[in-house]
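Shown here is one chain on its own, the form predicted alone, set out as structure tokens.
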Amino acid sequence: MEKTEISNYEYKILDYIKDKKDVNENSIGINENERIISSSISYLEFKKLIDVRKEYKKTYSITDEGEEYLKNGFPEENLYNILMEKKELAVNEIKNYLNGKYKIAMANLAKLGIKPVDGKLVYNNNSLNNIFIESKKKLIEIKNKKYPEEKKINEFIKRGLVKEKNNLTRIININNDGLNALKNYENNDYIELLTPEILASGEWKNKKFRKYDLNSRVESINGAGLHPLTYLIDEIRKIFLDMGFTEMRGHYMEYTAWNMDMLFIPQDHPARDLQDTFYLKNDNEMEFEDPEILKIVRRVHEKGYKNYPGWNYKWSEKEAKKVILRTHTTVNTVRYLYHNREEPQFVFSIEKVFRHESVDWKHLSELYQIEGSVYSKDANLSTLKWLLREFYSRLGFDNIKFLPSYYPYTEPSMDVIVDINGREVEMGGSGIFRPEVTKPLGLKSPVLAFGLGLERLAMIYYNLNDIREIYNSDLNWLKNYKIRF
């Protein structure tokens, strides 16, 4: 049998495991650092001197939000304590007590049996304190690496209070070839790893260096690949371009005038609350690019347009000049069409938007939105339906339904429902811009618009149950992901 040469490090590992069974690589007790041990195990596996079994173990840790809840209480717990003191609370005043957490508090309190009735929350004399105490106890267990039942862990993960990590470990056993290599090992006192200490001491002058075979086989390394989200963006971009659309781009930061007022969203709309939108500090107010358009927007908001009555309130230019992180990419459409009014226009964008959302299994605070729009004198509801069927069929969805819906800036409005393995899933919204939107833009023909969230689409494409998994740095998944269609 041909003699297999092993290094001093490899010898130490073989010698350590020779009388042991199922040794975890993290428990190998030799006086070397983790990198050397890990590298030596890989070489021993390549030389087929050990048998290796890979095991994945899930570990859990508390997020910053989880730590905050342990310190300050769950939002629903704090709301319950306030309710217990006040006996009843009007829904519209709850935000005054809980700021950005009031939606989470109300949703989770409803799961515990306290729901709004006639716009009020009423204390029902049922004590929930034990539930909150038990939940905190479970969070502390996770923090201390003592994991509770899987159902509770998954509940915390969905709420963003706990994060999951897959840890790979190797279980190794010496085989007969490894025993022979150990028996035939010759302890040559040569240098394997050149360190600053060896160079500084001059020790290298009196020692031999281990010979390396530069022609020896090495493990193959996978080349770089596209992130699954980048792949999906490229596929969607190809669909739009094949259909004759032009890509448009916008800005992360926008005036509320463009982001909301131009879309006929009233200035007292809930979407404009601090709890839903990221506002930016703007000490050096810039001149609005086209002050004349603000005058038109004011008239439309206050008095309406033709037979449309408007919102009948006092519109504020100061409110319109606030700067925010854009909440949707429909703002790209209104900006583009305002500067490109010749017909027809077929435009799209796939860009990031920002929402003041609580991150959970289906919500992100930073996400991509897919926007498509058509401006043409021949555009109508039938055009929109055809366009949506064509677009979604190219994505792999053939069974499509349209349901009436409501958006402040489109009339009529439709939601797109697709059939996935017998289950109906809402994919996005669509509609025809109202005249209150198109008049200030100087547009004379109908404008069709539709959009959907990229990450939710990615969940379907990659068969994921949690939207946050898309941004998980799991190299095994990133190297082997497959689309469903």
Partner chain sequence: MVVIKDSKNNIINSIGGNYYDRLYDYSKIIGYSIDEDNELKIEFNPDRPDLYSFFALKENMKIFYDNNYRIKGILNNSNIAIIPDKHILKERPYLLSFIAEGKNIGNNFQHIINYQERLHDIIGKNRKKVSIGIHDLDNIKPPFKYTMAKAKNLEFTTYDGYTGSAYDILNRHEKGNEYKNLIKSRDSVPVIFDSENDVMSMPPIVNGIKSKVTVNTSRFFFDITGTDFNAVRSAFYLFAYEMSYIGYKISICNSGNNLSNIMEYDFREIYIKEKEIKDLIGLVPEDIVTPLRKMGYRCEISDYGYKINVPGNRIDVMGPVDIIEDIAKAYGYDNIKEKKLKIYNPGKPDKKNDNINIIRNILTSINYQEVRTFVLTSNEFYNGLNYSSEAYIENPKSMDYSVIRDRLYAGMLNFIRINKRNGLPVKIFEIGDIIKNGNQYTDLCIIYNNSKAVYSDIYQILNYLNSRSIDKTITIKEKKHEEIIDGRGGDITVDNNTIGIIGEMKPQVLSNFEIPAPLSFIEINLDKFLSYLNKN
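Quick caveat, the model's predicted, so the values are computed rather than measured. Numbering follows the first chain given and starts at 1.
The protein also exists as the form predicted in complex with its partner chain; that form is not presented, and the subsequent description refers to it.
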- Have a look at Pro291, Gly119, Pro270, Gly396 for me and say which one sits with a heavy atom within 4.5 Å of its partner chain in the predicted complex. Pro270
- Message: Under a 4.5 angstroms heavy atom criterion, identify the one residue in Ile265, Leu98, Ile153, Leu387 near its partner chain in the predicted complex.
- Response: Leu387
- Would Leu403 show up as a contact with its partner chain in the predicted complex if we use heavy atoms at 4.5 Å? yes
- Could you tell me if Ser358 has a non-hydrogen atom within 4.5 Å of its partner chain in the predicted complex? yes
- Taking heavy atoms and a 4.5 Å cut-off, does Leu241 contact its partner chain in the predicted complex? yes
- Query: Hey, in the predicted complex, is Lys281 touching its partner chain, heavy atoms inside 4.5 Å?
  - Reply: yes
- Task: Could you tell me which stretch in 66 to 74, 432 to 440, 23 to 31, 41 to 49 has residues with non-hydrogen atoms within 4.5 Å of its partner chain in the predicted complex?
- Result: 432 to 440
- Taking its partner chain as it sits in the predicted complex, which residues of 462 to 480 have a non-hydrogen atom within 4.5 Å of it? Please list them. Ile470, Tyr471, Asn472, Ser473, Asp474, Leu475, Asn476, Leu478, Lys479
